[in-house]
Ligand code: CP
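As a starting point, one isolated chain is supplied in structure tokens, in the form predicted alone.
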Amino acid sequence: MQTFLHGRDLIGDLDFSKEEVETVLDVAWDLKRKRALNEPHAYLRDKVLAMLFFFSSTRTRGSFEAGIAQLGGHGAFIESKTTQISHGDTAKEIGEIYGRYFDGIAIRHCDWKIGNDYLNEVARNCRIPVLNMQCDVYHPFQCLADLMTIMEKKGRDLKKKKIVVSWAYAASYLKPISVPQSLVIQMPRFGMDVTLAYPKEFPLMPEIEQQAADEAKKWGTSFEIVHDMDEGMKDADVIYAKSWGPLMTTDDPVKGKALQDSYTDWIMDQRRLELAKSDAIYMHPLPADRNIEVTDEVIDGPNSVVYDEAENRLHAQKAVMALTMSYATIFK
């Protein structure tokens, strides 16, 4: 158990070692138990978390704000449009100044080719932990909640369990690629065989796909890419089917939408669910485009764990905050 995480940033999924992620999960389960039993756990009394949002949120804001309160602290919700960022405040200035006001800074910035760089620039100029609530490259807290949920449903030994991370059609907008990217680099470290399924115009960042292959080799698992949704579903223990934009092909929203609309048949439905193992679980970070991205029959069916998954955002985030923020201003 790696216990000294005080003052650490969590921006990319591999910022924490496998052993450190296991520590986060152990703490998350303990905090989940304490909440269920109504046991007080105010480990961050008088601590304040700045929550800076450049991108709208339902679960992320709610779970971080509730989580810091349950830990005895306070969450300051800051919508970027209400600040002077658009009028000249730089990432360096946010890091320097908010680092002196707060005990942790959590940032959600998903703009393509901007978000991750922004978080890292804040972190380079900040004396307190910087936590990634989602950027254009990674979504580490979603991935921690996903891993926690998979272990609850499939056991802590995930060796040779297959997860398929599949693209699915959505009509709403071109979604970030950060969720699938976090999944494919994190899950091999815990023994899972990863199949990544997408239409050929929807790859992930090449360096992320290479990193996923490298992690699979390191941990003795497998990583494969297929371009057929049905093929990806075969014998899966975990199905994670969601939409993302064709950002490696084009970042033009009109061209991207045209590409997206050419694959309306990539829907997660009951027929595809039945290609997986009978006890396979269906996961999605939400919100989903119902009956476009996934049918009601699947997302509301007995194989779906999407609400347990959403709940575990709270517990996983509380664990990271408790571990990183308790002595942040002393140790960073």
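Residues carry their position along the shown sequence, with the first being 1. These numbers were taken from a predicted model, which means no experiment stands behind them.
Missing here is the form predicted in complex with the ligand; even so, the following discussion is about that form.
Of the candidate stretches 189 to 197, 136 to 144, 202 to 210, 227 to 235, only 136 to 144 has residues with heavy atoms within 4.5 Å of the ligand in the predicted bound form. Residue-level contacts in the predicted bound form: of Gln270, Ser278, Thr264, Thr58, one residue has a heavy atom within 4.5 Å of the ligand, and it is Thr58. Under a 4.5 angstroms non-hydrogen atom cutoff, the ligand in the predicted bound form has Leu286 among its neighbouring residues. Heavy atoms of His315 never reach within 4.5 Å of the ligand in the predicted bound form, leaving it off the interface. At the 4.5 Å threshold, heavy atoms of Arg108 reach the ligand in the predicted bound form.
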